[in-house]
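The form predicted on its own is given below as one chain in structure tokens.
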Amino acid sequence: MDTYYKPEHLPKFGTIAEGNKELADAFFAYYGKVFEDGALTAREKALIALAVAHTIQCPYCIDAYTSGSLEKGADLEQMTEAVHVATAIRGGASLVHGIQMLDKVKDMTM
């Protein structure tokens, strides 16, 4: 069965420059700089990226930052916690919108 997600595309990410090398070079330079050690370690940034990848449900990003987190020294427990943080934030964001529903119910029934 064919799917939109093709794991073999991830290693070819750099070939996107074929359409516009200048923009691709600017993006990849920025991208590389963002993930260097800074106020946060590269390992911490990989864990953040892993959490965000789950939040936006990007299978390419999940593959990349599962590997990246392991390569930068994170372990399964840390990675699982990062995924749970993403889940809590996403779930909380959905639940807080329940206040809108609650207000609407009150407006219509009271």
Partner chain sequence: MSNAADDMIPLTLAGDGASVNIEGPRTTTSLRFRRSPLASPEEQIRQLEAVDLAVGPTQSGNFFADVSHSGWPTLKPAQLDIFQINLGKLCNMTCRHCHVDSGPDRTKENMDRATVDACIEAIEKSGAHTVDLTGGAPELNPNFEYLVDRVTQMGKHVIDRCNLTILTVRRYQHLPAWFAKRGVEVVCSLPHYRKLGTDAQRGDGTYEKSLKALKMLNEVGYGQGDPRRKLTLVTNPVGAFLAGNQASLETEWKDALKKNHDVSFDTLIALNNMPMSRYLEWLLEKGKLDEYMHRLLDAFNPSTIAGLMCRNTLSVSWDGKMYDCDFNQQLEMEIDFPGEERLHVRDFDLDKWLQHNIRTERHCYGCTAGAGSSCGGAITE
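Just so you know, these numbers come straight off a predicted model, no measurement behind them. Positions refer to the first chain, counted from 1.
There is another form of this protein, the form predicted together with the partner chain, and it is not shown here; the text below is about that form.
Residues 9, 15 and 25 are none of them found to lie within 4.5 Å of the partner chain in the predicted bound form, as judged by heavy atom distances. Heavy atoms of residue 32 never reach within 4.5 Å of the partner chain in the predicted bound form, leaving it off the interface. Interface membership of residue 41, defined by any non-hydrogen atom within 4.5 Å of the partner chain in the predicted bound form, is confirmed.
The partner chain is not drawn, but in the predicted bound form it has no heavy atom within 4.5 Å of residue 58.
Within this chain, residue 72 lines the site of the partner chain in the predicted bound form, having a heavy atom no more than 4.5 Å away.
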